[in-house]
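Next up: a single chain in C-alpha cells, the form predicted on its own.
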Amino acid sequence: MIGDVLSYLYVNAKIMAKEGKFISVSRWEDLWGCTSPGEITSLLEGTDYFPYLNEAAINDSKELEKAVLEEFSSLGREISKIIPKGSWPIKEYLLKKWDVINLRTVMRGIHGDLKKDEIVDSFIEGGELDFAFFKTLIDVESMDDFVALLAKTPYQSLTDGLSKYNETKNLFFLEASLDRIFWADLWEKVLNLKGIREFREFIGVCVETHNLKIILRAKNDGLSLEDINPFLIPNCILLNELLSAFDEEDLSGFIPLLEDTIYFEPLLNAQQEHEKTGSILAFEQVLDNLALKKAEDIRKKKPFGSGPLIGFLVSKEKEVKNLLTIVRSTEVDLDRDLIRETLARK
C-alpha cells in the first residue's frame, strides 16, 4: 500500500500541474459558439494545446484538429516515461491507442479512396509501431493488401473482419475488429497481472461497454450472432447472459437483462431517445459516460495511488473529444445550441 503511494507521488504531482491547464468551464462557454478555427485557437491561449498551434491551424480545421491530437499524443508519451514499472499496462494503454488511430486512418483512407498525401498528413506519432511502417501501408491497392501487411504485427487478426467488409463494404466490421484487438489484448494482460486492481476495474468497464455497443448495434442493424462473434471480447461475465438471450430478445429486451448492473438505468433513459431517432448513438454516448464515471469513482476511492492518473487520463480524453467536436463543427453549418447540447450529454 505505502509502496504504491510512493511510486505514484511524482506522477500525481505532474498530472496535478497539467490539470491546472484544462479548459475552464467559462472558456467552454465561449468555445461552443466558435464558428472558425481562428476563433478556437485564440481561446486556447494559456492551455497545453497552444504551443502546438501554427498559422495553418488558425485557418484550417484539419490542421487545428491535428495540433490538438499531437498535444494529446505528446502528453501520453511524457506520462508513459514516468509510470511505475509495475503499472506497464497503463503505458501500453497510452501508447497503443495511437497505433489504432493511425491504422483506422489508413482504413478510412482506403475505404474513401483518399489521396496518399491526405492519409499521411493525418498520421499522429506516438504509438509502439515504427512510424515509417504506417507510410508503407498507404501504397497498397486494396483493403486485402493492407490487412496482409499486418501479418507480423499485433493486428494480424484484422482478417476476422475482412471477409465481412468485402461482402458488405461496411467499414464497421474492420473498425470493430481493430477495437477488439486493442481492448482484448489489454484485458488479457490486466487479468493475468497481480496488482493494478483499479486499472483492471476501469478496463473491465471499457470491455463491457465495448461488448454492449457491438450487441446493441447488431440488434439495431439486424445482424446475427454469427456476424458479431469475432468482434466480442471474451472473459467478460456480462457477455454470457446477453449472448444466451441474443436470438430471443430485440434491442429493448436486452436492457432489462442488465437490471442489476451499472448499465441498466442509463440505457433505460437513453431508450426513449433511440425510439425517437432510431439512432444507436444515444446508447453509445451513455456507455462512454459510464467509463468516465468509473474513472472518476476510482480517483475518489484511490486518491494517493493510481486513481488520480486514471481519472486524469480519461478526463483528458473527454476534453480532447469535446474540443474536436467543436473544431469539426466549423466545417459544416451546425446549430450552435445543438453542439452545446451534444457536449453537455458527453
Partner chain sequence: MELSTGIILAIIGAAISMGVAAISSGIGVGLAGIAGAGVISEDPKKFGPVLVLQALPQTQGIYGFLGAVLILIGVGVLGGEVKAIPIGMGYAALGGGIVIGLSSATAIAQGAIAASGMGAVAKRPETFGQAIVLAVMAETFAIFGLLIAILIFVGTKIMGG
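Numbering follows the first chain given and starts at 1. No experiment lies behind these values; they were computed from the predicted model shown.
The next section is about a form of this same protein that is not shown, the form predicted together with the partner chain.
Considering the partner chain in the predicted bound form, the lone stretch of 55-63, 281-289, 297-305, 38-46 in range is 297-305 [heavy atom distance within 4.5 Å]. Residue Glu78 is the only one of Asp139, Glu259, Glu78, Glu275 with a heavy atom lying within 4.5 Å of the partner chain in the predicted bound form. Residue contact check for Glu331: none of its heavy atoms lie within 4.5 Å of the partner chain in the predicted bound form. Contacts between 6-29 and the partner chain, taken as any heavy atom within 4.5 Å in the predicted bound form, involve Leu6, Leu9, Tyr10, Ala13, Lys14, Met16, Ala17, Lys18, Glu19, Gly20, Lys21.
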